[in-house]
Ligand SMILES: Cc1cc2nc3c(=O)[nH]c(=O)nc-3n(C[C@H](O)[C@H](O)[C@H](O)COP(=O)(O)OP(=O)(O)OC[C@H]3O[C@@H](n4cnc5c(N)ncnc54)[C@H](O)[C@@H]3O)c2cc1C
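The chain below stands alone and is given as structure tokens, in the form predicted alone.
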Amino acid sequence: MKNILILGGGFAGVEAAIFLKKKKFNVTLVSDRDYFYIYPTSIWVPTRDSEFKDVCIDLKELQAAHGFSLKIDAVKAISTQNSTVTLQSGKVLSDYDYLIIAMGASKMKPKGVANTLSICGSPEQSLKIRDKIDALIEKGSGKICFGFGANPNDSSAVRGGPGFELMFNLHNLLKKKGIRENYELTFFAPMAEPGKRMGPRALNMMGKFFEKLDIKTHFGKKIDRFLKSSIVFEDETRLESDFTMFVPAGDGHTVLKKSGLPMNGAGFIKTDDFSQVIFYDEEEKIDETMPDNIYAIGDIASLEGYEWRAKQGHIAEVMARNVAHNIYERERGTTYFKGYHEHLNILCVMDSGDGAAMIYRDEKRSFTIPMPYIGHWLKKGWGIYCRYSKLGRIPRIPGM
């Protein structure tokens, strides 16, 4: 049976490993950390509604459940010319028939970004955010700013939802403690209408939330730099901040720069609808001298389609399942391939700590459903489902 090498232990990589093993391939997964991190539920770590371990799944447990091989190591370089992958340890991997790149994206680095922390950054940052919040609660008052950035070269690389969720959860925590009036919460973003791509109803709901919860907004001005106690915008206006939680926009992965892989203007790998990396020559014809056994899925791939498209975990998993299917069909000699484009949508259960709202958008419709109280517990339940379904202890819901 063919050997498949997967780079990346996130939603895309783990899903690909699980489904390729179902197809009886020999699968090796390379991850730079020894656990799978459930980013959508990490919003509760800073407010102590969840422990760090609650949003982690040991990759060795996933390995034991599904039977793939596992290497805990970082990817140092990818060479399409030599068909090799070099790991940080110095080991060179070349014994593969198919390569699946699923390492996620790097982050844009605006000036002074080290003065911020991100709920979408390295998992350890959730603990640092928790410590910052604890210190401000102990202090008894403060100004806290939440925001996200934009990538001018790729609108799909923006991830603002977790920032909204963490802010709403902090509001709820401070309210429970009876000290909400002592804190000034502000949300900022460079675009005039952050959240617009979720649809008009969701955008309207966000505006009502900000007003109802007494959250200030600062929209429509580009961020120039971050200081320890303020955010400076392009017109030199400032937001004072005792703590800034900022989600930078995604950027092309640094490992790809000398890889020889085709990339878009933002540094994401170009693929076709089937997530296969396609190389073109100077005449824009398929270059048949280049490898045809490479796939890219998840945040590292260029996401093509609608202006409102967004890189989300469930889209990464659709790509992963499709690639498992497509490689299987390819080995059978058929062209019955599945593409991701028809599955493009935005799906988010935006949690507030005491409720949630379900937000959905595709090419034909968009809607927002408020779910007071029960929505929070539905998202909690999804976190449990995510853990135990991936470990194979409960059945998978079709399409999830």
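Values in this document were obtained by computation on a predicted structure and should not be read as measured data. A residue's number is simply how far along the shown sequence it sits, counting from 1.
Unshown form predicted in complex with the named molecule; subsequent notes refer to it.
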Contact with the named molecule in the predicted complex for Gly104, defined as at least one heavy atom pair within 4.5 Å: yes or no? yes
Quick one: does Tyr39 come within 4.5 Å of the named molecule in the predicted complex, counting heavy atoms only? yes
With a 4.5 Å heavy atom cut-off, would you call Asn326 a contact of the named molecule in the predicted complex? no
So, Gly149 and the named molecule: in the predicted complex, are they within 4.5 Å at any heavy atom pair? no
Contacting member of Leu173, Val113, Val255, Leu203, with respect to the named molecule in the predicted complex [4.5 Å, heavy atom]: Val255
Can you pick the one in His314, Lys132, Arg180, Lys221 that has a heavy atom within 4.5 Å of the named molecule in the predicted complex? His314
Proximity to the named molecule in the predicted complex (heavy atom, within 4.5 Å), stretch among 271 to 279, 222 to 230, 141 to 149, 291 to 299: 291 to 299
Is any part of 12 to 36 within 4.5 angstroms of the named molecule in the predicted complex by a non-hydrogen atom, and which residues would that be? Ala12, Gly13, Val30, Ser31, Asp32, Arg33
